[in-house]
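Below, in structure tokens: the form predicted on its own, a single chain.
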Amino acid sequence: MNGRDTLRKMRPVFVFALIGVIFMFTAPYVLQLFTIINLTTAIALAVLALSLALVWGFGGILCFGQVAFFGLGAYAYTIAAINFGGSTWAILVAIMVASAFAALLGYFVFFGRVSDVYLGVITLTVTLIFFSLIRRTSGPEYTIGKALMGGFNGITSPPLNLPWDAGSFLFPEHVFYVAMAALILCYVFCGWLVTTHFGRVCVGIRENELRAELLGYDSRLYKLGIFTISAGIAAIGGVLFCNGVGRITPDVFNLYNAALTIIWVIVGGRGTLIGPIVATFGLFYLTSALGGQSLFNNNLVLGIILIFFVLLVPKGLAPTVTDWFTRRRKPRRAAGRRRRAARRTGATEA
């Protein structure tokens, strides 16, 4: 695929990225500070959903424990920032720790030829192990350098600072800008990645792994690659999350968050990148609104939404909307071709 074809395929990605840039620069002027802080948290969760959309939608790897890398990145950032006295290098440490752990786990899973079903179980088990272990680190003896683990109470996360001045911390509005920029860059990167040779091979492996291997591709390496990349993106979401909330607790590893990430991708649509992002924002504010009332249970509503989409909208939101617009445009294009053909025929006869 040449550069022109890549740009053509990435045109929708650039359009949505432009919309995101416009929203990034207008939102702080029209929204209240409390809403901006909530948006920062939603953006962090959208990055997490994007990471799962990449590895599951395009790699065909159902990682039920994607929040493990999300939480690992948040904890690694917090501990590194406390010990380093700044956030600049801590962000890189968070990405490297989550990616290295994913590479190590993926090596044993993929090169051990573990089936997809057991892979989901393994990743979920790893997440719950983190949840259980970190909750038991509440004593004063559980420290990593200067950072006290805090057990189920968690750790207060140092705020982001300017790269060249560790003493200049960012205000919530500035953290929102950083979060939106990170989401847009991760989205554009994922959109570019799936158009590359690597991305197309991953999609081919998703469709038919045996055929891809018969063509000479080592599916284990490609799976390991996209699995590791998605973990690094999830870690970025974890860094943004602990900065939006102000602290990180073991609850980030619980079963509810693991299942919620799957729901975001199912509702938004597998095989798309923008769909899970939109679904994350929508469901985040839906659950926030439901939290203020006692008539309906949040989990019940989310379960109904999941069943509705699985049974009635199996493709998800984004593919369904795209198919609807495509079906509406086809008759118009066909009518336009018939009119042009009729005019050419009339001109020839004249």
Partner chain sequence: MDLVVAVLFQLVYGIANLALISLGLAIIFGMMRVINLAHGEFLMLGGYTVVVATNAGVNIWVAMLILAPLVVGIIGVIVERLLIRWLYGRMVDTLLATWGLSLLLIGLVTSIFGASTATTISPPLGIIRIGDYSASGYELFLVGVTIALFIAVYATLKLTKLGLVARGTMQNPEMSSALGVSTTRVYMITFGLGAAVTGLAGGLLAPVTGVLPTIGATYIAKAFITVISGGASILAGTASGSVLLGGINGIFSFLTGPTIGEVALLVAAILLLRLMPRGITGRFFRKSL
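Positions refer to the first chain, counted from 1. Predicted, not measured: the structure shown is a model, and the values here were computed from it.
The form predicted together with the partner chain is left out here; the points below concern that form.
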| item | value |
| --- | --- |
| The partner chain: the contacting residue among 147, 245, 262, 188 in the predicted complex [heavy atom, 4.5 Å] | 262 |
| The single option of 112, 85, 139, 163 touching the partner chain in the predicted complex, heavy atom within 4.5 Å | 112 |
| Contact at 126, 133 and 306 by the partner chain in the predicted complex, all three, heavy atom at most 4.5 Å | yes |
| Stretch from 24-32, 318-326, 40-48, 298-306 whose residues place a heavy atom within 4.5 Å of the partner chain in the predicted complex | 298-306 |
| Distance check, residue 116 to the partner chain in the predicted complex, heavy atom within 4.5 Å | yes |
| The partner chain contact in the predicted complex: residue 108, any heavy atom under 4.5 Å | yes |
| Close approach of residue 255 to the partner chain in the predicted complex, 4.5 Å, heavy atom | yes |
| Partner contact for residue 121 in the predicted complex: the partner chain, 4.5 angstroms, heavy atom | yes |
| Neighbours of the partner chain in the predicted complex among 54-88 [non-hydrogen atom within 4.5 angstroms] | 56, 62, 64 |
